[in-house]
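The chain below stands alone and is given as structure tokens, in the form predicted on its own.
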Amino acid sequence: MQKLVALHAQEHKHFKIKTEAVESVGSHERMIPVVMSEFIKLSVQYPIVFTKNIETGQFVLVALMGFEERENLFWKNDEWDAIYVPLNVTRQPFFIGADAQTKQHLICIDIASPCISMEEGESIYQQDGSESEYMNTIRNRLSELFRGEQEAAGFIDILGKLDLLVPLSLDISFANESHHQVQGVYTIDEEKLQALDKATIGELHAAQYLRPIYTMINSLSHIYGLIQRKNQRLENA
């Protein structure tokens, strides 16, 4: 269970991050939240889709890692078997929180994370109390995620208004003759997209939404790659 606290130079000056353990945090994640700024890197291997937040019911952008709960088909031989690892994994064990009184954003750390060590790994702070180069990298990743969440909200909002979000219907057969129906994921309705008038297409272009739209559509071809990974896992089981 996570235990998030505000990062503090004095309290956490001896904390180190075992970077080799960071990626394992996502080893059992079937869907990982992503932002549009990483779409091009993601689209090389992952299907990019929408799902709904269980608590809010709002749509969120995710990369699909597997077909069943707690299944990440990119986790192989205790390491991430992919060219690119999503930001929401590599930023671990750090998060963006908000001060209860001032409402200002601050960096939090999950002190229950297995990535934390007192003996080995990347230092968070230097001896003089300033942030390390590693922590600067983490701060940049968190900033990209924070901006990305705001960008995604506008993207999802306009897609919803145009009624372009549609459930992704997939009934998959695997090599062992088992079947699985993908549920709870959504994609962009290509027919409705093609039927939009020129003015609306122009608005999407001006908002720089056309590229991520087509990136998401094209990324669905990687579902076949996921099926192949699943079949290999079943064969090796």
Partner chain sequence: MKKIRSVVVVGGGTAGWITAGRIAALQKKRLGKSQNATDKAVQVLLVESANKPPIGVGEGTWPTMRNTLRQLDIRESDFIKHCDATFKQGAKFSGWVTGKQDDYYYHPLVLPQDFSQVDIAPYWLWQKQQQQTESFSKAVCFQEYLCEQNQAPKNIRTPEYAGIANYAYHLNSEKFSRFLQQHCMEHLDVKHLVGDVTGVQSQPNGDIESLVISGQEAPLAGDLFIDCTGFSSILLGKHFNVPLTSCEDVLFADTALATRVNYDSSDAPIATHTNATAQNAGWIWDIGLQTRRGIGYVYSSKHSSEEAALAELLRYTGGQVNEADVRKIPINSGYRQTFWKNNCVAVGLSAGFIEPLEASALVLVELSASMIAEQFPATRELMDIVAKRFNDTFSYRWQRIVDFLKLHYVLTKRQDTAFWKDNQDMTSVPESLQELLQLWRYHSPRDYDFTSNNEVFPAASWQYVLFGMGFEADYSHTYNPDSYSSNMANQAMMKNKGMVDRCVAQLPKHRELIDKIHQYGLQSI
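Residue numbers count along the first chain shown, from 1. Everything quoted here is computed from the prediction, not taken from an experiment.
There is also a form predicted in complex with its partner chain; it is not shown, and the following applies to it.
- Of the heavy atoms in Gln181, none are within 4.5 Å of its partner chain in the predicted bound form.
- Residue contact with its partner chain in the predicted bound form: Phe59 places a heavy atom within 4.5 Å of it.
- Residue contact check for Pro167: one or more of its heavy atoms lie within 4.5 Å of its partner chain in the predicted bound form.
- Within this chain, Ile54 lines the site of its partner chain in the predicted bound form, having a heavy atom no more than 4.5 Å away.
- Stretch-level contact check against its partner chain in the predicted bound form with heavy atoms at 4.5 Å: of 127-135, 158-166, 82-90, 143-151, the positive one is 158-166.
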